[in-house]
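So this first bit is one chain, no partners, the form predicted alone, shown in structure tokens.
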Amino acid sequence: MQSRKKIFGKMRNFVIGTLVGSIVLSISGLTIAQEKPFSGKKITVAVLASGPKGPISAPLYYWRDKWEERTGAKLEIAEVPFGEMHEKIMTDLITGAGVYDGFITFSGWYGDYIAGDYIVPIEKYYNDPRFPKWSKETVIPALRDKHTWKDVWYGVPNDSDAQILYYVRSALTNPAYQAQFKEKYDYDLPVPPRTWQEVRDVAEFFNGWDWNGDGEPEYGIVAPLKVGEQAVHHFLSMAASFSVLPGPKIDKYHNTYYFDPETMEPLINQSGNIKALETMIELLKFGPPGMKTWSLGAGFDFFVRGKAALTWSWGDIGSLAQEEKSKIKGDCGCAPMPGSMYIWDREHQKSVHKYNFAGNTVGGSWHGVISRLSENPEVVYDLYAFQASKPINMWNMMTGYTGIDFGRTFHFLPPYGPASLDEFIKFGWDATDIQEYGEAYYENYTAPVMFEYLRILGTDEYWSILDIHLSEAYVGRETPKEALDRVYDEWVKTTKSLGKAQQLKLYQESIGYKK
């Protein structure tokens, strides 16, 4: 584990330009040697279908004119719904159609790309003075393997995904509520909750009554869980603390989650995950019933309108809370994901009553990769490098609707990084909110135990199977054990159909397992 100084200190000499007003002027520093070097060329980039003011696609629309003016190239933005995106990209690659020159991709799809040799390494472009500059050192160590394979860079940074806990600060710090909580639960109301057991009590306490004074009852917690979107990651980020056994290295029993790294046997139905799913189902009692069918956007909106005391989610919440429609600006408490007092020890086949916290990088960490089929790979790289450059990425991250989340080293305030509190405030952020937000993400990204990220062939299929059976458990059609036993059986079949030996090799490479 690198020190804070080593991880973040390398960017202290960068100067963040005055954002909003002057950021467009700073783009002049991104010009390349030849004026309009790509005149007459056109590229098509696939991206999540969210429109000009929606997550991940918005920055392409916002900066397109500036990029086209500088390069002379034309950018066609091909929006693809999340549920169809993996299939459409893989169909394009497998058939050789070459419709897309590149993709703003979900990091979990790397296994499919690498197995088919479908994407282009970016190393030869990185130091080329023709292109806008960005620094590999600004990608936090915990996120670097989302952009690389066996230490070779394929991706250009854009979004930085991980989940943390959010809470309505004024609710949890209200002295009257604190007294009532202690009387009911016989311990102090935790600000913030540090275990899932505490989250359960806090969610129950704040559920079903008007604790924010708006004349309507609020809820204890919210988690959007629509099947076929990204609900599966809400389970995975919490299950990590129940199931990932800490140790000095990645081995058969320690620092692994999905599969046994020596046999490729699924670990999904082990006791820790069953306990996590039981906890998840208990939490859902204290949220709006409809959230089991909500998309991410609906969940984000519900929380920033102050309708739930707790949620756990991606960095979008922190930036959306600063927007005009938010009811919790200046009231958006942030903390790392809670840990668990229950951890399953697979080596000794027993539960351990000990606090366990695991950092995570769940989610897309959506970023650009170049298709092997592209006739203009250098133009695609230029677009990605432009978006990855510091001034552009800072604007994208600080603007709520873009979906570009906090996580590059230059996003962090001192002592963790070089960002300026004044600039966040000028951009419209509340000082307390951004300080808690940055601290929570720093603690998450530098956690001594990190939840592994699945990046093997068929990752989307494995996650889809889990997603479906989690949903069955949430609505009571399957017990937690039945649901996860069925996931186990289907994962075994999936691994067999894709080739167990190949899958084991990819899995070991993707998590850095060495015998």
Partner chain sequence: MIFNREKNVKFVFLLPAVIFVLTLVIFPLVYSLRLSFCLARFGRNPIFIGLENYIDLLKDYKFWGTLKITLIFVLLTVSIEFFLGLTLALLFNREIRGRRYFRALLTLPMFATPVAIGYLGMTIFYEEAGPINNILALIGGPQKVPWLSNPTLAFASITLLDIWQWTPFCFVILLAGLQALPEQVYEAASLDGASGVQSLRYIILPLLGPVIVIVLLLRTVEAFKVFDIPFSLTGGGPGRATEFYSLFTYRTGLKYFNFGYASSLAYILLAIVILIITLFLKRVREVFE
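Numbering follows the first chain given and starts at 1. Treat the numbers as computed from the prediction; the structure is a model and nothing was measured.
Although not depicted, the form predicted together with its partner chain is the subject of the following passage.
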{"property": "One residue of Phe410, Tyr257, Tyr118, Phe131 in contact with its partner chain, assessed in the model of the complex (non-hydrogen atom, 4.5 angstroms)", "result": "Tyr118"}
{"property": "In the model of the complex, the one of Phe235, Phe357, Tyr154, Trp294 near its partner chain [non-hydrogen atom within 4.5 angstroms]", "result": "Trp294"}
{"property": "4.5 angstroms heavy atom contact with its partner chain in the model of the complex for Trp149", "result": "no"}
{"property": "Distance check, Thr446 to its partner chain in the model of the complex, heavy atom within 4.5 Å", "result": "no"}
{"property": "Any non-hydrogen atom of Pro288 within 4.5 angstroms of its partner chain in the model of the complex", "result": "yes"}
{"property": "Partner proximity in the model of the complex: Arg477 to its partner chain, non-hydrogen atom cutoff 4.5 Å", "result": "yes"}
{"property": "Contact at Trp63, Met341 and Arg455 by its partner chain in the model of the complex, all three, heavy atom at most 4.5 Å", "result": "no"}
{"property": "Contact stretch among 167-175, 341-349, 410-418, 81-89 - heavy atom within 4.5 Å of its partner chain in the model of the complex", "result": "81-89"}
